[in-house]
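To begin, one chain is listed below as structure tokens, in the form predicted on its own.
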Amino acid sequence: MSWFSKTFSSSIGRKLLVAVTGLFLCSFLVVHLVGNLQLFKGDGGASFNIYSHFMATNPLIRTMEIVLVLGFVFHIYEALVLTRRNKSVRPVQYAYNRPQDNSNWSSRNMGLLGTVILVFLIIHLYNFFWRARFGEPNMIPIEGTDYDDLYSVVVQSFHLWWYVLIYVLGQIALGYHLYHGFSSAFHTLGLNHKKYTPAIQKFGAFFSIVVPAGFAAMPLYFFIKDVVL
């Protein structure tokens, strides 16, 4: 076995992969959120449809999609392996066990939170990505050019109460997952310092609230505006 495979098949190596891929996925969340904010521009979806067309046709973006998929796969797989390995090391709980005394709820339930996020991700990808790539396009003219009207697909989905509920629950799970995972990733990478660690933890807490809240605001906005009111 080579040093590379030996290193990254160990628990430490797998934790490093989870940390690196997790931080990479955090950067994706920011880009994805900024792009999706086009939904709020109030121009009938023109900006969002142009943005969606750019993301679907730009060669660099399409290449990064492959990297993104690999990031998701590695992050999920390595996290599952670590969870199973930890349970096999200690299959029976101690008679006296009070984990809440030295850890927060999100750190003790990362597997559960990750599972909820994965279920949401599958539904979300089927509803938007699959339909955008392989569905029948509904072309509309915008500034003299025809674009697929994905804005209408998004709005129609956000009019369904059960989908809005799934979306919001997925963002709540994401928030808790990020709350522990963000600062934990820096800790795993050895980036610990009494001067900087508190700032990283505060930024992680801020990130874990703002990003999921931004995503959750989208379905809530359209559902309340178009259905409730």
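Not measured: the values here are computed from a predicted model. In case it trips you up, residue 1 is the first one in the sequence shown, and so on.
The same protein has a further form, the form predicted together with protoporphyrin IX containing FE, not shown here; the description that follows concerns it.
No residue of the trio Asn104, Ile172 and Ile209 has any heavy atom within 4.5 Å of protoporphyrin IX containing FE in the predicted bound form. Here is the short version: of Ile117, Val155, Ala132, Ile142, the single residue with a heavy atom within 4.5 Å of protoporphyrin IX containing FE in the predicted bound form is Ile117.
The partner is absent here, but in the predicted bound form a heavy atom of Cys26, alone among Cys26, Leu160, Met55, Leu39, sits within 4.5 Å of protoporphyrin IX containing FE. Note that among 185-193, 39-47, 55-63, 161-169, the stretch whose heavy atoms approach protoporphyrin IX containing FE to within 4.5 Å in the predicted bound form is 185-193.
Contact between Thr83 and protoporphyrin IX containing FE in the predicted bound form is found at the 4.5 Å heavy atom cutoff. Remark: Pro219 does not count among the residues lining protoporphyrin IX containing FE in the predicted bound form, judged by a heavy atom distance of 4.5 Å or less. Though the partner is left out of this view, Phe128 does not reach within 4.5 Å of protoporphyrin IX containing FE in the predicted bound form, counting heavy atoms only. Residues of 44-78 lying near protoporphyrin IX containing FE in the predicted bound form, listed in sequence order, are Phe72, His75, Ile76, the criterion being any heavy atom within 4.5 Å.
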